[in-house]
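Here you get one chain, nothing else, as C-alpha cells; it is the form predicted on its own.
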Amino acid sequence: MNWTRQTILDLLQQALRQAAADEAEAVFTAQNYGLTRFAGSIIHQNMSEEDAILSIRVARGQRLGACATNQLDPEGIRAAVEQAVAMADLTEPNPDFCGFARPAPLDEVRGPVYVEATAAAGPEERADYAARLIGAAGRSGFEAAGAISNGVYVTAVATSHGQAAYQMETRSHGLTVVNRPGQAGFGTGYAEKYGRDFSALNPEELGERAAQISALNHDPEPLPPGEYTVVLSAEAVGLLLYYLSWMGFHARAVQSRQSFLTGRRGQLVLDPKLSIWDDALDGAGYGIPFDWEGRPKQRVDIIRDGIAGDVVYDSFTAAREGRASTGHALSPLRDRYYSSPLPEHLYMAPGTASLEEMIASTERGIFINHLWYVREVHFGKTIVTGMTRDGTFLIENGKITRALNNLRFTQSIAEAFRQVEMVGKDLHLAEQYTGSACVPALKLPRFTITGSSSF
C-alpha cells in the first residue's frame, strides 16, 4: 500500500479546494486485505482486495450533500465534488448541523496500531497458519474449516476549517469450525482470535480448543424450554454486548426514547458487577483517535458498577442538546441501518473467575460456546432472539455431562445483565459489525430458552 500520510492529506485538500460550498469535509479510507479459507482440512480459496475510497461532504448553509468515489484521478475527484454540491442544493436544511470539525489535538492510541508482520503476511504465511491449525485439529482426529485474514487499513479526515487526522493500522483474524470427518455441520466446535499482530494468533491453540469442544459435542439431546442458569463464553458475551449497545448506548436511541437508558442516568440499571465503557485509545482493542467527522474520540463511561452514565454522541445528536460530540460519528460509507453514533470500542470490566470455576459452581445449567443468527425484537426492552451453535452443553453438579441440541433463545439482554453471578477474569477481543469489544465470560442465573433444533 503506497498511501502515505502526506499523499492522502494532499488528496483530501485537493478535493476540499474544489468544493463550491460554505464548508466541506473529506474522508479517505483504504485497505489492502488478504483472506485464505479452508474446509475439510484443505485450503480452497485465497483472495486479496485493495481499494481506496474518497467521501466528500459539503455544506451550503445547513444544506448537506455527499458523494463517494474510488476514482481518485483529478477528473474522478472533481466529478464527486460536483455531485456532492448538486445534492446539497436539493436537500432540506438540517437544523442539527453545526459545522464540520475544526482543528483539535488528537491523543495517540495506547499501544501499537501498526504491526509490520501483519502488513507483510501474504498467501504463503496464511497457508502456513492454516496448515498449523489443521494439523492441531487433525492430531485429535478432526477436520477443520475456517478462515485467516490480515490487512492494512488507512483512515484520514480533513475539513475546510483545517482539521487533519490520519491513521494507518493493521488487523488480523483467525477462526475455525471443527468436526468429525464426514460430519460437516454436526458436532462442531468453534474458536476465534482477533488482534493487530498476525504472528500472535496462535493457530495451534485455536485448532486444539475447537477440537476439544467438538469432542464433547456428540449425540446431542433436546432441552425443554424454560429459564436456565447459563455460562456464556466471552465470544457470546461480545455479541450480546454489541446488540445492547446498538439498542441503547447512543444518543439517538436516548433522544428517540427507544433506549432502556432514557431518563435513567445515575440509576442502577445493570448488575453492580458490570462496568461498560467505550475507549478508542485503549490499545487492547481496535481503535483510532478520531471519529469519521475528524473529531477527537473521548472515553465514555456508559455503565459504572451497574449505574447508568453517559452515552455516545456525534456532532448532530450533540447539537440537539447543546453539548460537544464525544467523537462517535460512524463512517459515511455505513448504510442507513447504522446511521446513529455508536460505541465502536467497547470494554466490559473483568472479574475474578475462570471459565472452569463458573462451570464448577453450577449445579444445573447450560454452557453456551457460540451464538448465531441473533436479531433484535424490541429496542426499548433490549429483547433479542437467536440460536446457540458449535457447542452447547448441559452442566450438572459442576461438570459438563452431555451435549445439547442447538437452542433457540428470546431474551432481554438488559434483564439478563441485571443479575450476574460471576464475571470472567480473562478478556477476549471480538470484532463486531461496527467495531470491537473486549469482554469476559459471564455466568447468568436466568436466561430464557424458547426451543431447540433437531441437531
Partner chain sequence: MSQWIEDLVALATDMGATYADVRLVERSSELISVWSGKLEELLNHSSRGLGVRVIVDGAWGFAGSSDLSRAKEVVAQAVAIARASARTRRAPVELAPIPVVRDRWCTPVRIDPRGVSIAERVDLLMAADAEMARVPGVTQRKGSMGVYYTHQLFASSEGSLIEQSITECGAGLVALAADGNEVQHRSYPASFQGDYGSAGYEYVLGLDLPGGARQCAEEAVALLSAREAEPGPTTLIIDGSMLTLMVHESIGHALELDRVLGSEASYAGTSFATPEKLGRLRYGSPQVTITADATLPHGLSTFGYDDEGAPARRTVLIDRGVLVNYLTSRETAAQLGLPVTGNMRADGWQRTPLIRMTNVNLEPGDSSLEEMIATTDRGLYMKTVNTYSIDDKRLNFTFSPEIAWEIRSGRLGDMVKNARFSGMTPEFWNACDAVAGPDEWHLWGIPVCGKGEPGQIVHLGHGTAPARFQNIQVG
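Computed from a predicted structure; not experimentally measured. Positions refer to the first chain, counted from 1.
Separately, the form predicted together with its partner chain exists; it is not shown, and the next lines address it.
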Worksheet item: Heavy atoms within 4.5 Å of its partner chain in the model of the complex: does residue 199 have any?
Response: no
Discussion item. Although the partner isn't part of this model, could you tell me whether residue 320 comes within 4.5 Å of its partner chain in the model of the complex, counting any heavy atom of the residue?
Written reply: yes
Practice prompt. Spell out, yes or no, whether the shortest heavy atom distance between residue 96 and its partner chain in the model of the complex is within 4.5 Å.
Written response: yes
Fill in: 4.5 Å heavy atom contact, residue 4 and its partner chain in the model of the complex
no
Discussion item. By the heavy atom within 4.5 Å rule, which residue out of 423, 394, 429, 67 makes contact with its partner chain in the model of the complex?
Written reply: 67
Discussion item. Please tell me which of 299, 381, 304, 218 lies within 4.5 Å of its partner chain in the model of the complex, judged by heavy atoms.
Written reply: 381
Discussion item. Taking 4.5 angstroms as the heavy atom distance cut-off, pick the stretch from 163-171, 252-260, 360-368, 281-289 that is near its partner chain in the model of the complex.
Written reply: 252-260
Worksheet item: Even though the chain is shown alone, can you say which residues of 389-408 have a heavy atom within 4.5 Å of its partner chain in the model of the complex?
Response: 389, 406, 408
